[in-house]
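To begin, one chain is listed below as structure tokens, in the form predicted on its own.
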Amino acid sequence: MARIINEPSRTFGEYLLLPNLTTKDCIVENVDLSTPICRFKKGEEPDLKLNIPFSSAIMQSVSDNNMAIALAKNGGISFIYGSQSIESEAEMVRKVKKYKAGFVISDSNLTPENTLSDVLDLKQRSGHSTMAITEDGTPTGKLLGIVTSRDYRTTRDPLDKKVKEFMTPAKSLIVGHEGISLTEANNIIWEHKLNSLPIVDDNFNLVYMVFRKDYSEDKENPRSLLDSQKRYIVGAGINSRDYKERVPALVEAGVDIVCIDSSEGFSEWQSDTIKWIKDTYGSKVKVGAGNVVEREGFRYLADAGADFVKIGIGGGSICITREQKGIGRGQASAVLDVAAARDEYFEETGIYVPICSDGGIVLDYHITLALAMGADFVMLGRYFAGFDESPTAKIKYGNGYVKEYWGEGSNRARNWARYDLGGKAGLQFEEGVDSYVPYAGKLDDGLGSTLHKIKSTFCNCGAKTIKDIQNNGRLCLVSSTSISEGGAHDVILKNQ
């Protein structure tokens, strides 16, 4: 007969944290939520860390280049969804890496012979209002001028008006020369009240553009997650079928880390995928794997070389894997078990493999519980789907607004490559639903509030780091009656 594990399968809602002594220096401003996202050896630092323990889910309705930029500004990471063509996913990665680079290779370029209609079309496609005008229309051609939205009037200028008639010519431009430092470039921008500064070589060929917004964003977003070239860090989802074609394209686009997207990751397909990536790229390409819900699955993927392991089967708000297949585990039990295995692995091997709790988050405090239980970071779908920055449109619904949200295991996603079962097994039934989530406004506002709650709870527990709360936090099980006691009760709420 099958082996029976008698321990109940528990969820986050069945636990509460007990407060510890809050010392005078344990205030919100002193809490550091940075955390590793890839494996590292004892006594060494990881190659890649997050400034906040948040990642957005590998989902069509959650993680595109816009979400990746917004989350990286706040110190977290997005894994751009892999259920799209290799070319389109690589292009999303490329847009993130180009968005903020200090020195940006211009991707909005025209010639003097182009028209206002071409300018408007390019602006619509790229979202950029500043365009470099080069002799041949390439990013590295001879610079002849610049066009910004201040150079034309759509209400009066004819659409066939040539760019050369309204561009700011090169002779009137302030430029920087190749070799200039980013600090020097920003000083020129501020001294001359410019929005951008072209960087040219000795032959006046365009090399880079430096934008005022990049400097402002540095000051406004001190937690930004940046690589060594001051570009935003971004992840991408892959599968165990076309990885030999997809991974090289993502690496060429500049991806920082990839993650195998699967409904269940304790499989030889994932081991083969990890092995190929490590044999091909070594430690240059980081790869997460999963999902698993117990120590055996973690150990298998860690031994295979996974840089982090994702935990959770069936706990997502749009996931129906448990209902359809009868596999999975309560998210709290899964995190506690895998965290113990992670710590044992570290003691045995001297290698720390971070774990990510994916699913089961209903309330903000569940994130804190996941971290206290041993997760290094969390992956969220529903939470991020409601923000402006997610890929779906805001829809009027009753007296408010909603955004669409669907599972990668749903028929709508058509993401059958995530099923590691061979053949067409994944086509026979759905493991996700199509739904709405409440509209949540701007990511900066919602995430800021959540982070403040988490840091405040850390202080109540006498913790200033994630390791503090993992080492010293105290958890207790709660009864259904005490859960009811924890909310507003026995009163008549106003405005209800």
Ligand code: RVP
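In this text, all values refer to a predicted model and were calculated from it rather than measured experimentally. Counting begins at 1, following the sequence as shown.
Omitted here: the form predicted together with the named molecule. The next part is about that form.
Residues Met59, Leu380 and Glu408 are all found to lie within 4.5 Å of the named molecule in the model of the complex, as judged by heavy atom distances.
Here is the short version: of Gly235, Gly297, Gly360, Gly82, the single residue with a heavy atom within 4.5 Å of the named molecule in the model of the complex is Gly360. This chain appears without its partner; in the model of the complex, the one residue of Ile318, Leu110, Leu226, Leu144 with a heavy atom within 4.5 Å of the named molecule is Ile318.
In the model of the complex, the named molecule lies within 4.5 Å of some heavy atom of Glu431. Using a 4.5 Å cutoff between non-hydrogen atoms, Ser390 does not count as a contact of the named molecule in the model of the complex. Contact between Thr273 and the named molecule in the model of the complex is not found at the 4.5 Å heavy atom cutoff. For the chain shown alone, Thr368 is not a contact residue for the named molecule in the model of the complex, no non-hydrogen atom being within 4.5 angstroms. Look at 135-143, 85-93, 309-317, 276-284: in the model of the complex, residues with non-hydrogen atoms within 4.5 angstroms of the named molecule sit in 309-317.
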